[in-house]
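The chain below stands alone and is given in structure tokens; this is the form predicted alone.
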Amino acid sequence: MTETATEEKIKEAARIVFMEKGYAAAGMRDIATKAGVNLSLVNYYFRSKKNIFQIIMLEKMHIIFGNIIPYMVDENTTLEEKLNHIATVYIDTISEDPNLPMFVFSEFQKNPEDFSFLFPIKKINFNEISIIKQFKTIRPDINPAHFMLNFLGLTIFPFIAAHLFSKMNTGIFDNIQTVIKERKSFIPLWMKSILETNLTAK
């Protein structure tokens, strides 16, 4: 096995261990066992648990934000095109690792300072990006924070809900993954209805 293949094997094992046990309970020995390699090899490649965790999570965030942020700031695409693209990219990406949102928020809540590196969007001035400017043009009467919170809720929360409902016998959510995939088409339509509503906060 090449060095690259070994490194990727360890990273995948670490991802599984972190998801199963949480960051605090996971250990380098657990990762080594899961990967089927000795502990010294894990230490050789990654040096520490925190280091391997940051590498894995940054790669995940790069996959998501690397495909979303360029569209958010693109001046040449319409707001509708942005909503379609972002909803599709986010749902497709997270569907490959549906426990990721629950895990990230759980870990961030426990150790916000240690894991603030996970959120590169904190460096963005949202008032200056294209998606917000376009929203303000269409609906200057509504705080764009409502727009962003609604959009995030429609895309992120279903994965958290799916994690919770998978532990219950709920009936209506038995095919939750199919429902989530259908939302790629529904979310832009729902967001469009928000843009067209005549209701404003009192």
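Because the structure is predicted, anything quoted here is derived from the model rather than measured. For clarity, a rigid core is taken as the largest C-alpha set superposing within 1.5 Å between two forms. Don't overthink the numbering: it's just position in the shown sequence, from 1.
Although not depicted, the form predicted in complex with the DNA is the subject of the following passage.
For the residues 161, 148, 39, 56, the 4.5 Å heavy atom test against the DNA in the predicted complex is passed only by 39. Only one of 33, 43, 177, 67 comes within 4.5 Å of the DNA in the predicted complex through a heavy atom, and that residue is 43. The DNA is not drawn, but in the predicted complex it has no heavy atom within 4.5 Å of residue 60.
Among residues of the shown chain, residue 137 is not one whose heavy atoms approach the DNA to within 4.5 Å in the predicted complex. Put simply, residue 4 is close to the DNA in the predicted complex: some heavy atom of it is within 4.5 Å.
Contact check for residue 27: a non-hydrogen atom falls within 4.5 Å of the DNA in the predicted complex.
Once both forms are overlaid on the rigid core, the distance between the two CA positions of residue 9 between the shown form and the other one is 2 angstroms or more.
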